[in-house]
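Next up is one chain by itself, shown in structure tokens, the form predicted on its own.
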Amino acid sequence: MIINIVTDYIPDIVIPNAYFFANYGITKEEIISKSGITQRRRTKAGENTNTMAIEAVKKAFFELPFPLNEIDLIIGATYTPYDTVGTIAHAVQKQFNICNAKCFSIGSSCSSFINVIEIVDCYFANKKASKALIVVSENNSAYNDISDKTSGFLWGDGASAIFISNERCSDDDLEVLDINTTGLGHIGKSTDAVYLRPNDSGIKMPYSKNVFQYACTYMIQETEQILYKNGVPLNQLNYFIPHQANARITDFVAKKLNLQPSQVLTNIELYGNTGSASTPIVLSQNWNKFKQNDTIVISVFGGGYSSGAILLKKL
């Protein structure tokens, strides 16, 4: 399975830490010490989860090695939908008239991107699809309670489009060597740790310490296991892309894995926590950095709980 192109879309509106001090008395220093975030992005009027996904797809037009109408599988991923009936995947299918594709969306919190990759792999293995489009988009600002001093300053908006085929198409391709996802609804505070209940004042994180503990544990475990399974020594890993939840989580995980700062790819300081879109956005923004035979691990942890990892190789 080959990742051919990854693009990203980031809204223009910048919300600096100073905004939270001016409105809610949370200092810049406090936000940075808790999360590493200096600013985040927010959608403007008329933008939403679907429009961001559509813009991310448009950015691939001049690089795509196959016509859009050859795509036979579209999967969306988000926990901040614009519409809970017509999904993000269907919005993309309609916009680009991709008429011969299976089409649906999933939600597994911030680990959804890895879950979708695994689903595509299953479709390819069963010869039910050969070219897939994944759209991952989070409009956190539409749901966020920015007055919440625990987590209101964490969230940012953004989207990514990922084009995948069952064969190599160009010199820029990444091969998916392995994928793993894990459901963790039975551990810790689980579904109560982070939640988004539209009738209950938006995104909340009442048990942030529990999230921190399990995110660190499972992002390390997922990374070590997928490398060991594929015979890749940790000291031969070139790049590590963690879910952009919190810089303190990233720092802890990187230290335990003995990774150098140059190996760890992040953008949380500028974009905040962009949910399930965070790791594909980082992948997109660093696409030209990867050299032939480089190995890359993406490791995620999502509320609910769930975790996962993907091992990639630059061809």
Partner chain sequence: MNLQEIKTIVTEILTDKLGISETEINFESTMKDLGADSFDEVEIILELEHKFGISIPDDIIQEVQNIESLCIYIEKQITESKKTI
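Note that the structure is a prediction, hence the values are computed from the model and not measured. Residue numbers count along the first chain shown, from 1.
Keep in mind the form predicted together with its partner chain is missing from the figure; the text below concerns it.
Peer 1: Spell out, yes or no, whether the shortest heavy atom distance between residue 288 and its partner chain in the model of the complex is within 4.5 Å.
Peer 2: So residue 288 does not count as contacting its partner chain.
Peer 1: Is there a non-hydrogen atom of residue 189 within 4.5 angstroms of a non-hydrogen atom of its partner chain in the model of the complex?
Peer 2: Within the cut-off, so yes.
Peer 1: Is residue 130 close enough to touch its partner chain in the model of the complex, meaning at least one heavy atom pair within 4.5 Å?
Peer 2: Residue 130: no, not in contact with its partner chain in the model of the complex.
Peer 1: Considering only heavy atoms, tell me if residue 33 and its partner chain come within 4.5 Å of each other in the model of the complex.
Peer 2: Because a heavy atom of residue 33 falls inside 4.5 Å of its partner chain in the model of the complex, the answer is yes.
Peer 1: In the model of the complex, does each residue in the set 93, 96 and 102 place a non-hydrogen atom within 4.5 angstroms of its partner chain?
Peer 2: No, the candidate spot makes no contact with its partner chain.
Peer 1: Of the residues 109, 151, 238, 210, which one places a heavy atom within 4.5 Å of its partner chain in the model of the complex?
Peer 2: After the contact test, the surviving option is 210.
Peer 1: Using a 4.5 Å heavy atom cut-off, indicate which stretch of 252 to 260, 276 to 284, 62 to 70, 41 to 49 touches its partner chain in the model of the complex.
Peer 2: In the other structure, the partner sits against 252 to 260.
Peer 1: In the model of the complex, which residues of 5 to 29 put a heavy atom within 4.5 Å of its partner chain?
Peer 2: Sequence-ordered list is empty.
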